[in-house]
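Quick setup: one chain, the form predicted on its own, written in structure tokens, and binding and motion questions come after.
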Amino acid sequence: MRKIAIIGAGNVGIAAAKALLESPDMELCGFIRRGGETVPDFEKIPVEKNIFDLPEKPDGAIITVPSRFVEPIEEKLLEAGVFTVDCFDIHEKLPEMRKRLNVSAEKGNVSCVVGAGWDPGLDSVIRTLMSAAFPKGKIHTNFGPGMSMGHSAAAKSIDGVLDAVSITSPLGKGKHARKIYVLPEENADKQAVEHAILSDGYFEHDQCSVEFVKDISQFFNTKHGVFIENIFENQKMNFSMEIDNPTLTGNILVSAMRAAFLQKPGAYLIPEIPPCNLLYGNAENLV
């Protein structure tokens, strides 16, 4: 039974913890939180500020902190011999991050799965299969409507923001509009806050607008969706889903954690992993 720690206890961290409880081959051995406070509904699970202070040494760690804080945490864990997975979601930075983490993983003689969410992650596999079917096809990924966890976290990290929710709406052909609802800090410079959000890398490539509100809770909803299409001449293939964002992410993280233990030392993206390695059970029986 592999011992797994979860770093971060937000929506995705809690979803991953619930998925671990249903896993027959892995066990949740602790949470890592900056404040060290107990996690609601998981009061019996140890909580520490440092992963190596947990009563049981973890074999693996599921990292659920915002993407911009992932890499330095993951590097240290890998070099210390801890298998890792993360749900890093800044697409254009994944290739270089994978290369850097590959060095750390080989140094620690372990493996990691990078970008193990549903996009990147699950949808990356769908796009890979679509590309194999129609190598010259045109693929469009259309997100929403729904709340983007990564974009919301990015907006929330801006100075002057108490809380934020980013809602994604598909415009077709891979284009999106994003409405960012912001609960500002008292006396915050709203103009500066809006400029900082719209110039942030998460938002600068999309059609975005910012609205300041007094109650953010009415906009919070973890439902989301995606529609992926590949068109080649007179042929077309589609993939769509309507999901609960953190639940799906948590499930994939746990599956990727299982797969990480079966890979040779190094860093991997989900499309590089044999599908059977994501599942519990003997590979021959699964086949």
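Because the structure is predicted, anything quoted here is derived from the model rather than measured. In case it trips you up, residue 1 is the first one in the sequence shown, and so on.
Same protein, other form: the form predicted in complex with another copy of the chain, not shown, and the subject of what follows.
So if I measure heavy atom distances to another copy of the chain in the predicted complex, which of the stretches 179 to 187, 132 to 140, 157 to 165, 197 to 205 falls within 4.5 Å? Comparing against another copy of the chain in the predicted complex, the contact stretch is 132 to 140.
4.5 Å heavy atom contact, Ser255 and another copy of the chain in the predicted complex: Answer yes; at least one heavy atom of Ser255 falls within 4.5 Å of another copy of the chain in the predicted complex.
Leu278 versus another copy of the chain, in the predicted complex: is there a non-hydrogen atom within 4.5 Å? Result yes; Leu278 sits at the interface with another copy of the chain in the predicted complex.
Pro95 within 4.5 Å of another copy of the chain in the predicted complex, heavy atoms: Judged by the heavy-atom cut-off of 4.5 Å, Pro95 is in contact with another copy of the chain in the predicted complex.
Please check if Pro120 has a heavy atom lying within 4.5 Å of any heavy atom of another copy of the chain in the predicted complex. Yes, Pro120 is a contact residue.
Given that another copy of the chain is left out here, which of Glu56, Glu37, Glu242, Asp41 has a heavy atom within 4.5 Å of it in the predicted complex? The residue in contact is Glu242.
Check each residue of 258 to 276 against another copy of the chain in the predicted complex and list those with a heavy atom within 4.5 Å, in sequence order. Sequence-ordered list: Leu269, Pro271, Glu272, Ile273, Pro274, Pro275, Cys276.
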